[in-house]
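Form predicted on its own, single chain, as C-alpha cells, below.
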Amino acid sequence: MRARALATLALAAAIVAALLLPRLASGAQLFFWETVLVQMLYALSVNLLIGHAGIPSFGQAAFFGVGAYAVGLASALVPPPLLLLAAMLLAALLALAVGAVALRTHGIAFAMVTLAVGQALYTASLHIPALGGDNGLAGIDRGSLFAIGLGGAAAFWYLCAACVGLGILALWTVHASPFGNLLRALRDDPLRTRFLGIDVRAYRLGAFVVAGAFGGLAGGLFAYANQIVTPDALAWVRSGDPIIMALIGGMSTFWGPMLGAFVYVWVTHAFSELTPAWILYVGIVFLFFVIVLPKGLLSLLSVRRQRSGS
C-alpha cells in the first residue's frame, strides 16, 4: 500500500510539474526537458530488449532514425499525432523485418546483425538526395493540433509530454503484463522456458517490434523538438546512448532507464558547456557507474531498504 501511495504521489507531482513548467522555464530550459523526456522514452524502449528480455541489440538507432526521418519528410503534409503514429508503424514494420532475420542468430551475432542494419541505414541516409545527405532535413514544421499552432515552445512541450507520458504508460503495461513476465523468464532461463512449450522466437520478435515502435516514436519527437534531422540520428552512437542510460539508472528495473536518461542528458549538457573535451568526462562518469554501481542508481534504494529492514 505504501509503494502504491508513493507511486500515485509521484505521478501526481509529475503531471503538475509538466503543466506548470512552461510558465516557469525559458525556451532553452523547455528544450532541455524535452530532450530528457525523449531520451527517457528511448531508453525505456531499448531496455525492454536488453534489460528485460535479454536481447543484446546494438542497432536501435535504426528505428529511432526511421521515426525521425518520417517526421522530417512528411511534417508539412500530415498532422503531428497521425505522423507520430505513422513513425511508430514504420519503425515497427522495419523491426519486424529485421527481427525475423536477426533472431535466427543469438548473442553477439544477433547484436552484430542489428548494428549492421543501423549502419546500412546510416550510410544510405548520406547518399539519398531526398534525405538531404550530410545536411539532413531542416526546417521541420510542427504543424497544429485542434487549430492550435505547435510552433511555440509551450504548445509543443505539452504535446511532447503527453506523447512520452502515454508511451511510458504503454511500456509499463507491457512490463507488468504476462507478456513482460515471460520476457523476463526468457532472459533468466530460456532453455526451461522453451521446455514449457513457449515459442521463444515469437516472444522475442514481439519484444523487438514493440521496442522498435517506441524507438520510432522517440525519434519522431526528437525530430519535432530539434526541427531538424540529420544522419546522426541513425549513427551507432545513437544506439549506444540508451544502453548507457539504462546502465546508469539500473537495467533490472523499469524506472532505472528514466533516471539514467536524466543523469546522462544533464551530465552531457553540463560538461559540453564547460569544456570541448566533454565526452572524456562523460566517459569517466559512466566508468564510475560501471565500477562502483554496476546495478545502477536505483540499486541504492534496495540497499537502503535492506538495511532499514534489518
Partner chain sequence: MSALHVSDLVVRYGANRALDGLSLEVESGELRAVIGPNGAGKSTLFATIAGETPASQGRVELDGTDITRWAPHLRVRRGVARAFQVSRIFPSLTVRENVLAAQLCAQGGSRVCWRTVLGAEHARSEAALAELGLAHLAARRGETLSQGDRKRLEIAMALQLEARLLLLDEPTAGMSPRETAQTVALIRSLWERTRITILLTEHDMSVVFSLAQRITVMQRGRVLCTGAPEEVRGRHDVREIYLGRG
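Residue numbers count along the first chain shown, from 1. It should be emphasised that the depicted structure is a prediction, and the values quoted were computed from it without experimental measurement.
The same protein has a further form, the form predicted in complex with the partner chain, not shown here; the description that follows concerns it.
Pick from Leu145, Ile228, Leu182, Val209: which has a non-hydrogen atom within 4.5 Å of the partner chain in the predicted bound form?
Residue within 4.5 Å of the partner: Leu182.
Among Ala97, Ala76, Ile198, Ile108, which has any heavy atom within 4.5 Å of the partner chain in the predicted bound form?
Flagged contact: Ile198.
To test your reading of this chain, name the stretch in 167 to 175, 198 to 206, 116 to 124, 232 to 240 whose heavy atoms come within 4.5 Å of the partner chain in the predicted bound form.
Contact criterion met by 198 to 206 only.
At 4.5 Å between heavy atoms, is Asp188 in contact with the partner chain in the predicted bound form?
So Asp188 counts as contacting the partner chain.
Should Arg194 be counted as a contact of the partner chain in the predicted bound form, where contact means heavy atoms within 4.5 Å?
Yes.
Going by the partner chain in the predicted bound form, which residues of 46 to 77 come within 4.5 Å of it through any heavy atom?
If the 4.5 Å heavy-atom criterion is applied to the partner chain in the predicted bound form, 46 to 77 yields nothing.
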